[in-house]
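A lone chain, given as structure tokens: the form predicted on its own.
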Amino acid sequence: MATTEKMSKTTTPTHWDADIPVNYVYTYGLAGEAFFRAIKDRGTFLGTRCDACDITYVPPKAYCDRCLEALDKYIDVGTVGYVDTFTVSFKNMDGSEKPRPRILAMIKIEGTDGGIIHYLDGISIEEVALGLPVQAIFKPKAQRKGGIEDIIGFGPVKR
């Protein structure tokens, strides 16, 4: 049956015997584009704030999850946060051993209600702990392309 034919028996199970071509272009959306542009151009994170709900979203959102208020003012929230939770990976996706374990953490960005999941860099398994202060490490500006890969990881806070 072709896709243009009318289905007359809607209760009879059917199936599709062909490939379904799916063509799409993924976009970050307005808030995501602002977030990744700030990483690329300035090496910082942006958030959006809902004053009515007292929430600062990182990554930014176009609308508040609670009250659905439009959020169109972006604020620079910096690059410092703390380890909220973490896991250590000893194996690759294929089950082989990693050359060295990798620590993947949820980093809550300081002063916000959100955060970023990324690798820790320059922090050993023995050093990592909940609440550990960390800051983003970015690729050199000339190498940034405006994506999550522009963040090398999160490392010790430089004082």
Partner chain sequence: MGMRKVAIVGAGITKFVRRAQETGKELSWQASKMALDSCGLTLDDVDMVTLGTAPDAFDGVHMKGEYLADGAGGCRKPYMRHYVGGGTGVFSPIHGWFHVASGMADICLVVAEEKMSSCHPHPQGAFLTIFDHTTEQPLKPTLIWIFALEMNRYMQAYGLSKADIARVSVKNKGNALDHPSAQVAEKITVEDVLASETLCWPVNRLDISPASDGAAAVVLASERVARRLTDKPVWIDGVGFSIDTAYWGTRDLSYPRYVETAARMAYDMAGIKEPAKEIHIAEPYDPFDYKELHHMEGLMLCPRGEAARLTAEGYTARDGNLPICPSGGALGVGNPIAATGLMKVIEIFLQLRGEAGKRQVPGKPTCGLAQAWGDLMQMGTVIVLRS
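Residue numbers count along the first chain shown, from 1. Each form is matched to the other, and the largest set of C-alpha atoms that superpose within 1.5 Å is called the rigid core. None of the values given here were measured: they were computed from a predicted structure.
As for the form predicted in complex with the partner chain, it is not shown, yet the points below apply to it.
Annotated contact segment (heavy atom within 4.5 Å of the partner chain in the predicted bound form): 25-33, selected among 130-138, 25-33, 98-106, 116-124. In the predicted bound form, no heavy atom of Glu110 sits within 4.5 Å of the partner chain. Taking non-hydrogen atoms only, Leu68 approaches the partner chain to within 4.5 angstroms in the predicted bound form. Among residues of the shown chain, Ala142 is not one whose heavy atoms approach the partner chain to within 4.5 Å in the predicted bound form.
Though the partner is left out of this view, Arg49 does not reach within 4.5 Å of the partner chain in the predicted bound form, counting heavy atoms only. Core-superposed comparison between this form and the one not shown: CA of Ile20 displaced by 2 Å or more.
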